[in-house]
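Take a look at this single chain in structure tokens; it is the form predicted on its own.
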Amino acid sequence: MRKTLSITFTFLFLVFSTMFVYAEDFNLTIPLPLTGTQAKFGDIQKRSYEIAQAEINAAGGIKGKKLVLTFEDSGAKPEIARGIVEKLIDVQKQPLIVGEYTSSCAKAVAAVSEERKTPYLVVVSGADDITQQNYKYVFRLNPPNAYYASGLIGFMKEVVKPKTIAILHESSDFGTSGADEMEKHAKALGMKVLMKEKYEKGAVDFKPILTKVKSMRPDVVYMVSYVMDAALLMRQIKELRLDAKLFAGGAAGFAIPEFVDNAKDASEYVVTSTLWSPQVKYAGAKAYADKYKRTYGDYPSYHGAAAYSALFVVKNALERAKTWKQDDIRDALKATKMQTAFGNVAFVDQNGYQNQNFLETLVLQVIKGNHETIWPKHTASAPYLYPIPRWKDRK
């Protein structure tokens, strides 16, 4: 009898101990593209979330609770992203949503979050209209697409002074809105837009489009592309000996190390908009960038820095929230004012955007096979190289 009671008490102790451990965890599932054409960006973010998770837990967690992350693969498909988030909110009762990458997935997640009155922190999705819907529960850490090229516009205005531009973009929400915004900026600067043409991502032959661009002889060739397209565009530009005063990218694929790895010497002198670089002076940025490089061999792109910082924004909001109910978390996010490795964070209603964070955007240039920050001047890690040589004059 005593032996039976002992076993029973031991069993009950283990059950209640397990329940207590789980009660002390804060579980957060993050949807990301971990397979498919956008998996590279999902992987950069996943690694960065995990670095932040380890740091947060080493410092005591969130209100003493251990942060436990899991990830679900959306494959960059909006319908899958929507299904994941519906399950997280309706079944798992997760009180806030973080993540995704493509703008189409973020829009799907934003619609679900607003319907369910559950706060959603958009991390790197750029389409302008994500935060132009008068949503109360959707917050965005990264600037919208309309602001991505502001640093590049400054560089072109003061240094390049182009008169003509050709714009190429892939056909997603991100590519289309980025091209539209550059067209507006170019016209405001007095540049003539010789062409604006879209293509389907994953194309294998850009030479027909590029031959058309070459015949127009634009001062600037501006491209909004993901990484494999970005690299292929530049390799084929080199093959065709298409010369211009400037080859420029609209962030995304042009701003990650894989662009240089894949484009090889065709990437040299290319400039790109970016939201962040490892050389920025934000508190914690260098430590994060160095830790990522030690672990994974390359410095992270802005996608990683935003993901890393997003978890500290979550921690900050949860620690200030009255309760961990959705409305209280929403109110805490709205009141956020903090500094992160990604820059200052404050979610404001401004210029037609709601709950939007705004940041200074930068310009990178590939110099001797590495991305260097060149603009604005006060952020520069290296002086810009301009004018760029014609292809026949390059070694």
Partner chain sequence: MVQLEVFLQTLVSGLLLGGLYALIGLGMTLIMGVMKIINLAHGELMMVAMYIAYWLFTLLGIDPYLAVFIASPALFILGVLIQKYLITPVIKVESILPENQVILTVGIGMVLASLATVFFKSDYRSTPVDYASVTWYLTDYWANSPIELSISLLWAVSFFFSIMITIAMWFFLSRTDIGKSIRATSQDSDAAILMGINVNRMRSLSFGLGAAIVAAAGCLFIPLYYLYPALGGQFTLIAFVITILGGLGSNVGAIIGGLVLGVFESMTSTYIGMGWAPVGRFSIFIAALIFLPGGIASLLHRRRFGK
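Positions refer to the first chain, counted from 1. Since the model is a prediction, treat every value here as computed from it, not as a measurement.
We do not show the form predicted in complex with the partner chain, though everything after this point is about it.
Contact with the partner chain in the predicted bound form, defined as any heavy atom within 4.5 Å, is confined among 118-126, 206-214, 150-158, 308-316 to 206-214.
Checked against the partner chain in the predicted bound form, the residues 136, 185, 286, 235 give one hit for a heavy atom within 4.5 Å, which is 235. Of the residues given (294, 241, 192, 281), 241 alone sits with a heavy atom within 4.5 Å of the partner chain in the predicted bound form. Though the partner is left out of this view, residue 43 does reach within 4.5 Å of the partner chain in the predicted bound form, counting heavy atoms only. In the predicted bound form, residue 179 stays away from the partner chain, with no heavy atom inside 4.5 Å. A residue is said to contact a partner when one of its heavy atoms sits within 4.5 Å of a partner heavy atom; residue 322 fails this definition for the partner chain in the predicted bound form, lying far away.
The closest heavy atom approach of residue 227 to the partner chain in the predicted bound form falls within 4.5 Å. For the three residues 199, 202 and 262, a heavy atom within 4.5 Å of the partner chain turns up in the predicted bound form in every case. Scanning 32-55 for heavy atoms within 4.5 Å of the partner chain in the predicted bound form gives 34, 36, 37, 39, 40, 43, 47 in sequence order.
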